[in-house]
Ligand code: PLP
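Read the single chain below, which is given as structure tokens and is the form predicted on its own.
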Amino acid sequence: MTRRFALMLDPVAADEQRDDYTGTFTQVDATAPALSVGELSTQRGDGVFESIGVVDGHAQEVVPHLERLAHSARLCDLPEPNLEQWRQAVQRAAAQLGAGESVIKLILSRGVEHGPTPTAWVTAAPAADFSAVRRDGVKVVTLDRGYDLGAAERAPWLLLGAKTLSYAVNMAALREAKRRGADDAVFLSSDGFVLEAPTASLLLRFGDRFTTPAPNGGILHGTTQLSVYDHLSARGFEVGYDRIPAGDLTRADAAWLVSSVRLAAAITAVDGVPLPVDAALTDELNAYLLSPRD
């Protein structure tokens, strides 16, 4: 049976990585207090994270998630994580999980203020039941993210391309979407281009071509979106990346939000405007995303 599980990592420098490396981590009680009151992840959100979907004990797309964790760490000036250490910790956590869907979270923070090392841990828990949203889809509203497409390059200190623990804005966007009678949101740049959802990537279909916003302008390059593109390409569809004007959202032949744990959710309406739904392809995408993927 799936249960909660946690590992605390003793961070090992990336340059110490070797083929015979044995992970250094300690299993802890996932329900017990484990962090110091000086931990910067809780005080300032000063850290990065990843969420890995697990299906029947198989952790999905581990390497892309670890590579993105390392990318986020570089953007935040955190020590480069030893990916083999983290990979072994993920394997250890996944081995403790049973049948069904779970989620493994990887968290790397700057640690205790003025402390010598970062804090790192891996947790595992049952995933929420997303069967209804995969079946019924989601209504979304568009929200201004407050910066233009050039902001990430012009102001790298905004960390727009990092998956940081500072998620207050994303959660506020979801609450605003619900206040407007929707299920989720799609961010727009201040100069009128589509970005992403607070916790998911956006995928649009125009005929036999699929597109997603180009991974610049502070857009997080989605691991699930990349996997979906592999599947669609194998099926003979054209896939690509574009600067997508906000007006194109309601002209799409179909659209989805895709993420590691919720998987593929069809968008049924944008700002109250109904959108066509390809139920058969949605079912196909979710069947693929629930299959073992490395």
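Model, not experiment: these values are computed from the prediction. Start at 1 and count along the sequence shown; that's the residue number.
Below, we refer to the form predicted in complex with the named molecule, which is not included among the displayed structures.
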Decide whether S102 counts as a contact residue for the named molecule in the model of the complex under a heavy atom distance cut-off of 4.5 Å.
-> no
The named molecule contact in the model of the complex: N170, any heavy atom under 4.5 Å = yes
Can any non-hydrogen atom of T199 be found within 4.5 angstroms of the named molecule in the model of the complex?
-> yes
Partner contact for P81 in the model of the complex: the named molecule, 4.5 angstroms, heavy atom = no
Candidate stretches 248-256, 64-72, 265-273, 232-240 - the one whose heavy atoms come within 4.5 Å of the named molecule in the model of the complex | 64-72
Find the only residue in G111, G222, P213, G137 having a heavy atom within 4.5 Å of the named molecule in the model of the complex.
-> G222
